[in-house]
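Single chain ahead, written as structure tokens, the form predicted alone.
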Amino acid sequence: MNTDDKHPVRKVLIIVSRGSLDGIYPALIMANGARMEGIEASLFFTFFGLNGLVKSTMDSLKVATVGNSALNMAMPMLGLPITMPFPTVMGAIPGVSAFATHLMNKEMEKLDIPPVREFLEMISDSGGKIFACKLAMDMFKLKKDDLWERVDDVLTVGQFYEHGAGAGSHILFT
């Protein structure tokens, strides 16, 4: 996979800042795809993205329904046209987020997309690196023991940039 012949992509640094189901999966898919192409991949979970690494929350991520203007994408799952908007106010009704999460998980299961923990294991097993942001950890009063046991390290932003320095490195923000 090349951006052009002179500068092939060798490493991707993926910053994960959103902690919802629909915020975590794009990063996991991008990291897994990079590893499948032989590209080094490192995930840096920061701010609410840490939700995907905290042992007590990583298996119960939800779809954000309030203020998510792109929920029209999910309308075909209900047999409705993609052009039908999802009214934002409906996202605040109790149970709507749980229902949307259930639908999304069901569709991902049909496509054989693994749950978050299993996806992280696949990325780690393939040589991908998984880091937590020190600033966000401090801000949310989290300790390394609160995180999934296979997190490679807790780094500052500067340390993460140093880890990824070099020709052919690309930063992706999800």
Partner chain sequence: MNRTIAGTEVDVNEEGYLTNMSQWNEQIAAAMATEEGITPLTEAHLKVIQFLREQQSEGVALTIRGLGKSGVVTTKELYDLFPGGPLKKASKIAGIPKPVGCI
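Only a predicted model underlies this, so the values are computations on that prediction, with no experimental measurement involved. Residue numbers count along the first chain shown, from 1.
Omitted here: the form predicted together with the partner chain. The next part is about that form.
The candidate site formed by Leu111, Pro115 and Ser126 is fully in contact with the partner chain in the model of the complex, as each residue has a non-hydrogen atom within 4.5 angstroms of it.
When the partner chain is considered in the model of the complex, only one residue from Asp59, Glu107, Asp138, Glu37 comes within 4.5 Å through any heavy atom, namely Glu37. Stretch-level contact check against the partner chain in the model of the complex with heavy atoms at 4.5 Å: of 41 to 49, 117 to 125, 138 to 146, 61 to 69, the positive one is 117 to 125.
Residues of 56 to 72 placing a heavy atom within 4.5 Å of the partner chain in the model of the complex: none.
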